[in-house]
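This document starts with one chain, in the form predicted alone, laid out as structure tokens.
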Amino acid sequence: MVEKKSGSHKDRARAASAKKAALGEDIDLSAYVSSTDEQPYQSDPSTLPAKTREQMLGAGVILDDPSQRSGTFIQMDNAPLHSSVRQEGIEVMAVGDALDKYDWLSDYWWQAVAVDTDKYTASVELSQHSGYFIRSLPGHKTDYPVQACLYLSKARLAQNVHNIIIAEEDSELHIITGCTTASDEEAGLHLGVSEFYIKRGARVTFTMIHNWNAETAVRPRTAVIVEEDGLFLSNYVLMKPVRSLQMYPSVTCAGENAAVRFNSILVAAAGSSLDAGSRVILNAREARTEIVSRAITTGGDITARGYIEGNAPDVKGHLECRGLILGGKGTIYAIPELKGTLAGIDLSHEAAVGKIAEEEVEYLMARGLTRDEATATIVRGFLRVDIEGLPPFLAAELQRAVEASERDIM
């Protein structure tokens, strides 16, 4: 009887663990405030306090030399602080201003993301405080990335944003979005809805660098629609502590030969809980996708998801998830999923979770490195993800973000 009861208890524990992995942490929205003081508009964001600029730089946002950016948008708490454009054919502004300017924009509002997806999307609709609108006009291409920063400065604030990104036909957009906080200790909540519309032959590279603190909860809700011959390339980097992250961007390839690539680098420090992944639906002939993630835990918990669904002839998809456990208390839970609904599709996945092999450390030590140096070299190689089609200046930005955080990992 005791043995049977013990087994039942283990089954219940496993079921509870699976349910938690499926749902993520439930955030009490009433624990946060949404009102904040009005922020004066900054025509020159380089005059912001040095500490603020430093925090934003850690998230890939450059304010001291705007010549390296095609446009800039900054939101502090729940108010737009700055927007500007340095290139013809590119539009950057607060989404409220864009809705006032363009009657047709309402046709895109809540079309990719459903407003009733969950309580977080509903909260954004009921308590939305701006967000950004970025658009490339037909045939125009960004010379440098457009940058957007969503900055939390007030303690216990719920930042609610709704972003719209449109790449018109045969245009090209490179976007760096950096999210960060003023305080290293105060709690905060970020709720961000982002809707991407990538028209025929357009290309969007979206690089997101999160630099939150250990008390921030983050709930992005993102959906993308890619038309014929369009490309969506997403790069996500989170190497700093965060209390709780739950994100599962979804892309629908709606046109023939549409392509999607996701590249993610996740590091979970002790106390961090990350539930992150990507979902791609291949609904058109010869659409293709690749999802690649690298996950490291130094004491936190990671649920790494990936889902590819093939619903049209000659589609291809590959999912790769690799996890590395540094230390003894963190966990990585990899959930790769594939769904095919007809013959003639090509979907595959691979997942691996483990520790640094001792023989690799010893090999490097035999060549003169200390144990710490050898471990750091292996970790650095693990985090290096070759991203096809990434412009050199974006590759450099991404590598800089990774290198800036390597010391914290070790």
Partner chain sequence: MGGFALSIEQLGVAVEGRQILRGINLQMKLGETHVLFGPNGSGKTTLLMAIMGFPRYQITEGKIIFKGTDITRLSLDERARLGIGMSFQRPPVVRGVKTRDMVAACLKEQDGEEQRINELAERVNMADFLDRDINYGFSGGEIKRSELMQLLAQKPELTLIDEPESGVDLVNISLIGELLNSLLEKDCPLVDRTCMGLVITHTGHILDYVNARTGYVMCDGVIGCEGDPHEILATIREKGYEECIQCFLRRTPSG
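Quantities reported herein were computed from a predicted structural model and do not represent experimental measurements. Numbering follows the first chain given and starts at 1.
Omitted from view is the form predicted together with its partner chain, to which the following refers.
S.K.: Can you say which of 62-70, 339-347, 375-383, 44-52 gets within 4.5 Å of its partner chain in the predicted complex, counting heavy atoms only?
M.R.: After filtering at 4.5 Å, what remains is 375-383.
S.K.: In the predicted complex, which of the listed residues (Leu57, Val353, Met365, Leu29) lies with a heavy atom within 4.5 Å of its partner chain?
M.R.: Spelling it out, the residue with a heavy atom inside the cut-off is Met365.
S.K.: Which one, Arg86, Lys141, Arg279, Arg322, lies within 4.5 Å of its partner chain in the predicted complex by heavy atoms?
M.R.: Result of the distance check: Arg322.
S.K.: Do Glu359 and its partner chain come within 4.5 Å of each other in the predicted complex, heavy atoms counted?
M.R.: Heavy-atom contact with its partner chain at 4.5 Å: present for Glu359.
S.K.: Is Thr370 a contact residue for its partner chain in the predicted complex, using a 4.5 Å heavy atom cut-off?
M.R.: Answer yes; at least one heavy atom of Thr370 falls within 4.5 Å of its partner chain in the predicted complex.
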